[in-house]
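Shown next as structure tokens: one chain only, the form predicted alone.
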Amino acid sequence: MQPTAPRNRLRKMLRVGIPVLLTVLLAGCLLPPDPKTEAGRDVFNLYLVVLALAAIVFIGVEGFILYAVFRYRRKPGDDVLPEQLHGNNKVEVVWTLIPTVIVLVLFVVSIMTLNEVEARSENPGVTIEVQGFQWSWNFVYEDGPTIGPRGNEPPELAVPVGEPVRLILTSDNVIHAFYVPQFLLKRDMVPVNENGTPNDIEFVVSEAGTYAGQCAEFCGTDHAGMVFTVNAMPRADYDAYIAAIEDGETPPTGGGDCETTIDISANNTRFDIDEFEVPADTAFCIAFENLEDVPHNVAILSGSEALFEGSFLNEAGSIIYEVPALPAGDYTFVCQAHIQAMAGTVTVTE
């Protein structure tokens, strides 16, 4: 009966350990959002390098542990003390070299990534002062307008695609943080006196679209509502956008030249349609109308990854979203404030 007890313990350990191991592995394989900036792509690649090295270390360490457990486990009737080893120079050299090489690789790749993130162009295409305050934002364009909160709607930061954008980050009160998840860049906004130097950040947006941003540093009671949107557009559209604001007009929202426009409205926490179809590899527009004073938007998801995130309408109103081209396949469109209640299917055809 004695041999049965260790086997039962082993089975119990495996029944508990395998689900835990699978959960940890699945959690570790969750990747950041697909980056929409050139510096963000370097950060994403660094993440992949760290993830790969971590996986190698994990598999190697756990593999040797399991090998030792099964290879050198005590067998029934074996009461002889195993041969005792007191050091092995080759093994000690190997287990010293492996972590040294890993640390050196991480150091070199991290420095290369940091240099890309911190790189500054001599003549950025656009320079904007971003003012954070409890609990919203002002975007002050160099030799241009100031864009702030629009009623209940979050302020919108307009930037051109494909050229350097430099943001000067200031705070009027407490520490805030400028963060756009799909840019994979974040920078603190620290209050400084007149002799201080504010933080800045520079990036090149690689793909036109609307991206959600937020304060990523807890800054008080309404921290969760300190959000904004980034509207990245071609230079010609950007110039027209800024010119319209300077003339006191409503800036164009894009979509005027779309070959395909989908009409969607929201009311009673429901979309009026539950599916639509668009052609592949062609940008299209969504004419969205919010019929109630409840925050709604339209986002397009592939699984849990957001391929497009439209800015929120926090009260009744309308907006035109310009959605980048999508490859053929099936996707989901949702309101990100009511994902369970407001969802439908997008079919992108060849």
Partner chain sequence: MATTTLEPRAGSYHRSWVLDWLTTVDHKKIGILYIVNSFLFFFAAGFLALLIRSELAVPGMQFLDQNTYNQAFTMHGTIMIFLFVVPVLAGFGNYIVPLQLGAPDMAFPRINALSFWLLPLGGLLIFSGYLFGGAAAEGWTGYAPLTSDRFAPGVGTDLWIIGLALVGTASIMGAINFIATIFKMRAPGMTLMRMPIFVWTILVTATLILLATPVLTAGLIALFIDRNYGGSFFDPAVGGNPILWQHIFWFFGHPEVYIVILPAMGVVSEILPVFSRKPLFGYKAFVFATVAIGLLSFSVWAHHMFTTGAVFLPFFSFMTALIAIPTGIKMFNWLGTLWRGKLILATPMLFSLGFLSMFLIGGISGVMLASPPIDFHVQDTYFVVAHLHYVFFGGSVFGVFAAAYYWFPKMTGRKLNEPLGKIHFWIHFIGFNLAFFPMHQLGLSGMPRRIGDYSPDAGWTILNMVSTVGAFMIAVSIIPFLINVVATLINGEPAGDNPWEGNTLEWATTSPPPPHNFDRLPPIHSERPLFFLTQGHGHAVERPEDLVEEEIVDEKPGDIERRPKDLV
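In this text, rigid core is short for the largest set of C-alphas that superpose within 1.5 Å between two forms. Residue numbers count along the first chain shown, from 1. Keep in mind that what you see is a predicted model, and the values were worked out from it rather than measured.
The same protein has a further form, the form predicted together with the partner chain, not shown here; the description that follows concerns it.
Looking at heavy atoms inside 4.5 Å, which stretch does the partner chain contact in the predicted bound form, given the options 320-328, 299-307, 38-46, 286-294?
Contact-bearing stretch, as computed: 38-46.
Using 4.5 Å between non-hydrogen atoms, is residue 260 touching the partner chain in the predicted bound form?
Output for residue 260 is no: heavy atoms all beyond 4.5 Å of the partner chain.
Does at least one non-hydrogen atom of residue 69 fall within 4.5 angstroms of the partner chain in the predicted bound form?
Residue 69: yes, in contact with the partner chain in the predicted bound form.
Does at least one non-hydrogen atom of residue 217 fall within 4.5 angstroms of the partner chain in the predicted bound form?
Taking the distances in the predicted bound form, the answer for residue 217 is yes, it comes within 4.5 Å of the partner chain.
Any of the heavy atoms of residue 238 lying within 4.5 Å of the partner chain in the predicted bound form?
Answer no; every heavy atom of residue 238 is more than 4.5 Å from the partner chain in the predicted bound form.
Identify which of 83, 122, 247, 143 has a heavy atom within 4.5 Å of the partner chain in the predicted bound form; exactly one of them does.
Spelling it out, the residue with a heavy atom inside the cut-off is 83.
May I ask you to choose, among 163, 272, 222, 275, the residue with a heavy atom within 4.5 Å of the partner chain in the predicted bound form?
It is 222.
Sequence order please: the residues of 110-130 with a heavy atom within 4.5 Å of the partner chain in the predicted bound form.
Stretch hits, in order: 110, 111, 113, 114, 117, 118.
Please check if residue 96 moves between the shown form and the other one, taking a CA shift of 2 Å or more relative to the superposed core as movement.
Comparing the forms between the shown form and the other one, which are aligned on their rigid core, residue 96 does shift its C-alpha by 2 Å or more.
Aligning on the rigid core, do we see the C-alpha of residue 58 shift 2 angstroms or more between the shown form and the other one?
After core superposition, the displacement of the residue 58 C-alpha between the shown form and the other one reaches the 2 Å mark, so yes.
Please state whether residue 71 has a C-alpha shift of 2 Å or more between the shown form and the other one, with the rigid core used for the fit.
After core superposition, the C-alpha of residue 71 moves 2 Å or more between the shown form and the other one.
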